[in-house]
Each structure stands twice: as C-alpha cells, then as structure tokens.
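As structure tokens, one chain now follows by itself in the form predicted on its own.
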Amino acid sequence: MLEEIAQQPAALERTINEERGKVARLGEHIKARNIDLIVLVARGSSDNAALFGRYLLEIVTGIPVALAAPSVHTLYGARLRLERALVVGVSQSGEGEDINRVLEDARASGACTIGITNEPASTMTGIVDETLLMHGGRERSVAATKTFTGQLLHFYMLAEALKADGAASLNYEAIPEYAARAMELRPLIEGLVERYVFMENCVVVGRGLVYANAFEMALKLMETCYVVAERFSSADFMHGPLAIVERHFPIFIFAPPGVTLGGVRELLARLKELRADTLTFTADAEAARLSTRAVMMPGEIGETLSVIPYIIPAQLFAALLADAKGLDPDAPRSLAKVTRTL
C-alpha cells in the first residue's frame, strides 16, 4: 500500500500524457450530443471518486449529475429513459457486475457510455462506447490508492473537456507535482500515528469538493485499521451528529482554502470548546490554530486542485496506522480486491 501511494505522482503524470488527447476528442463528441444529464455509477472507493466527480462536473459544466443506484437496475429491473444522458461507470477492475449491468442498460436506452478503469482487457471495456484508462500499473494492495486518485484525475480531465468554450482552464496538469509535494509529508505522518494506535471510533469531515475525501479516508480507516469511522459534511455535522463529541474524541478534518473554509473554521472553534481531538489537513494558519494538531499543506494549492494532494497524507495515515497497530493493510480481513455483487 505504501509503495502504491508513492507511485501516484508518476502514475498521474502518465495518465495525463496518455489520455489527454482522447478525453479532449471525447468531450467534443459529447458536446455535439447536447446531453442534459450525467449519471455516475460506482461502488466502494470508486463511488467516493464519483462523489467528487458529481461536485466538479456540476460546478464546471452546469449539467445536473446523479449518482446511480445499481440496485434499481439489478434487483428492481427498472428501465430508465437516458437518451440524452452521459453515463459514466467507474471501476478499478472493470469487473463489477452491477456497474456493468447499469452500463449495458444505459447504452441500450440510447445513452452515451464511458468506462473509467485500470484494466484495458476488462469486461467493462467491451460494454461502453469509450474507455478512459488509468496508467498506474496493476494495483496489488486491496486498499485502493493510486487507482482512486487516477479516477479523480479523469474527472478533472472530463470536466475540462466539457467546460464551456472560453471558460477558465482547470490547470489539472499541476496535480502530479502537488501530489509529489504531498508525499514529502510522510515523516510528519509517521510521527502522528502513534497517538491513534488505540483509536476505535472517529469522525472524518469535509465539505464541497473535498467531501469525497472524508468518505475515502473513513473507508481506508475502516478497511485497513478496523476503526469505526463516520463521515460527514461540516455543515451536516453541526446538525445532530455534534452530540457524539466528547473530550478527546478523534475528528479528522479536510480544510483547504476556498469557499468552505469559513464554515470549517466555525466547526473547529466549536470542537475546540468541546475539547475534541482534531487533526486537520489544511494550509490555513487559523484552522491549524483551532486544531489539536495539523498537517500543513502547500499554500499554493487552491481549492479546485486540492482533492488529490489532500487525500495523499490521509492515505499515508491509514497505511502507517495499520502498521503501528500490527495489521497488514495489504490484506484486510474478509476483503478481496474485486467484489462481485448484483
């Protein structure tokens, strides 16, 4: 897992170089179809990547984006009207049976279909109209890391291809360098994990574009460290869930610069009053001051491009915490790399 985390800057660079032209051409084709809905379908870490894709695509394109419920197709047999939709399946292996069923149904209904996968010979690639590949090589660890960030990158590339003519560029080409900068935080993370060896429960918080990071860090803590990890938007957490917080309760918070930072600062101030144990990933001095501990990120990383570099120290935290607990993050109990559900 640690090896694959470290491979991410190079993997992201390769994916940009190999797929950028294809995604640009695909964007022109999709624009010509005049779609009015985008549907994303995924499970697990891929579903967390799709959650980010929903935010980014709606912000950049103005097209409504829905996260599909595969059971609507596989268990209830519904047939949706998707003639003017773009349906994007996201799967590391490309072998998720329920994801592929949705893509088959969508294509049969007239939708334009795309598959984002790490496996060029997978079942998914034979179902969709176009495949977008991650170029990170085979992922051996059960816990997805480089394929998760590869999926996030493809949503940046797709959003860039679908943005209105003349709109500002996302400048996603800077992401591999930002990812490399984030890898430099490993010594700091190694010094933090020992404080959390006996942690059994926690909350992970993010909002907006980094809401997906809260879901992904919580999943990594659950599957590699066996910690019960709930995830919330900072806005939702102030409604009801705040009642679970007591002295020293561990809370992990993503607080990049941007429009969500003010609300996150307010939450941190309240958590400080409650004497919670807060670890915040941020570049903001005030957010760091309000936190018990902070992982300081490079200040030049703006909100839009923060998602990938901000998840890397969280991945490191989960892998290193598992090791400190005496667990093997590469082979979590009861789990397999490919999960087949219908």
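The first residue of the shown sequence is 1; numbering continues from there. Bear in mind that the values here come from a model prediction, so they are computed numbers and not experimental data.
One more form of this protein should be noted, the form predicted together with another copy of the chain, which is absent from this view; the next part is about it.
For the three residues 178, 197 and 272, a heavy atom within 4.5 Å of another copy of the chain turns up in the model of the complex in no case. Under a 4.5 angstroms non-hydrogen atom cutoff, another copy of the chain in the model of the complex lacks residue 104 among its neighbouring residues. Residue contact with another copy of the chain in the model of the complex: residue 172 places no heavy atom within 4.5 Å of it. Heavy atoms of residue 81 reach within 4.5 Å of another copy of the chain in the model of the complex, making it an interface residue. Mapping the unseen interface onto this chain, residue 227 counts among the residues with a heavy atom inside 4.5 Å of another copy of the chain in the model of the complex. Residue 260 is the only one of 260, 131, 141, 123 with a heavy atom lying within 4.5 Å of another copy of the chain in the model of the complex. Heavy atoms within 4.5 Å of another copy of the chain in the model of the complex are found in one stretch of 186-194, 232-240, 131-139, 115-123, which is 232-240.
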